[in-house]
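Here's a solo chain for you in structure tokens, the form predicted alone.
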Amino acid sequence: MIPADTAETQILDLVVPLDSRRDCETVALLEASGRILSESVVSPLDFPHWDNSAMDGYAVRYEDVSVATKAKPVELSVVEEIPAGKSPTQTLMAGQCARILTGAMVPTGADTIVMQENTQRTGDRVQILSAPAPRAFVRQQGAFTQVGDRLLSVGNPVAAPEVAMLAAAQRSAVQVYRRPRIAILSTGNELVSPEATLQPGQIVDSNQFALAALVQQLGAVPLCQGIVPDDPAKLQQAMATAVAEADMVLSSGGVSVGDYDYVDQILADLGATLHIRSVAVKPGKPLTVATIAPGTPPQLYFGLPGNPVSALVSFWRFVAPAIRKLSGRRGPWSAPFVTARSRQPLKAGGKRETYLWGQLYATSAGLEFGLAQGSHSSGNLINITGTQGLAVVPIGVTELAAGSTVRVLWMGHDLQTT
């Protein structure tokens, strides 16, 4: 068994990301959310595009109003009104100003905005009741970024803020990495599909669906291969097919030390190199990680445990970082941990790093972890629903008292607030 952090490092070292020239496609901007950029995006414009007003008020020459006070206001002539979207037509001369609205272009000759709360208007004259700071409320052309500046880099995930920026930069389409293809298969004579009539001794294959959902959440494409019986010939054929079709393969079951656990031997028969056979975590000790080279670069194969919670924990801890790197996303790729205070005591055997599932709460004192009620068994899917984080009890520790600070693998879901 190797420690979890060591296993994660070894796995990430084995991952070869998609190629930014070969493994890319162009998508419309409305289809870009959730994708990973395979190109850098530079600005074709200055932002702001021109000097504009950050306030409703009056565009003035600072030298005209620098001594204005409520007791001795400065009176100016209003020569133009400039709403947002309209280009100014006047150049301000001494003693003149322009009525201006938020976002509107500052006219030539003006260098400062006086907010309307500090003015008093009568007809086409306005009194300035207090002196503004020089260049007050003027958003200067190019202050945010300038033509040729890099807006986004290769490996940038695209979410709503990036879509907004790309739209503002007049990009109607962008180049992104293709979605990685992840083959998923479940092994075991006892498994049946959800629609089957369950017979004594049979188990519904939940892993296929859980792993597919997790793969989709990471922006990859699941290629579900179905259930493969514990037959070496059929399993070898299914594994070879999965390797040929996908960028990465996930199988569940068949990686422990039972009489029907064939995955490791078949991988060796297929010419794979086995790098990891087990990790010092609970749940999820049986974990096979191998590379197999039907082409270049070699593909990563994960043999996950068959117990459903073990498969989920193994995915969150080890597979998700690998998919993040494979997809072309910029690092860091490691499992995201946060620090929280545990609301309950957390118990473990002490021999392996133990993961206990529950909810994260955002409180005024910081994050708190609430342990899920019920059995924390590797076969119990019932109380893992709603999981937002996995609290880690380190190797050598059998109990963390309530109120202890604990490291939590955060799923990224919305936090509780009570």
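The first residue of the sequence shown is number 1, and the count goes up from there. Predicted model, so just to flag it, every value in this text is computed and none were measured.
Here the subject shifts to the form predicted together with a small molecule, a form of this protein not shown in this document.
In the model of the complex, Gln225 touching the small molecule (heavy atom, 4.5 Å): Heavy-atom contact with the small molecule at 4.5 Å: absent for Gln225.
Asp247, heavy atom within 4.5 angstroms of the small molecule in the model of the complex: Although the small molecule is absent here, Asp247 would stay clear of it in the model of the complex, with no heavy atoms inside 4.5 Å.
Contact of Asp261 with the small molecule in the model of the complex (heavy atom, 4.5 Å): Heavy-atom contact with the small molecule at 4.5 Å: present for Asp261.
Contact test in the model of the complex: Glu162 vs the small molecule, heavy atoms, 4.5 Å: Answer no; every heavy atom of Glu162 is more than 4.5 Å from the small molecule in the model of the complex.
One stretch from 272 to 280, 329 to 337, 190 to 198, 105 to 113 that, in the model of the complex, holds residues within 4.5 Å of the small molecule by heavy atom: Every other range fails; the passing one is 190 to 198.
The small molecule in the model of the complex: contacted by all of Gly57, Leu101 and Pro132, heavy atom 4.5 Å: No, none of Gly57, Leu101 and Pro132 comes within 4.5 Å of the small molecule in the model of the complex.
Sole residue of Gln265, Gln175, Gln140, Ser206 within 4.5 Å of the small molecule in the model of the complex, by heavy atom: Looking at Gln265, Gln175, Gln140, Ser206 one by one, just Ser206 meets the 4.5 Å heavy-atom criterion.
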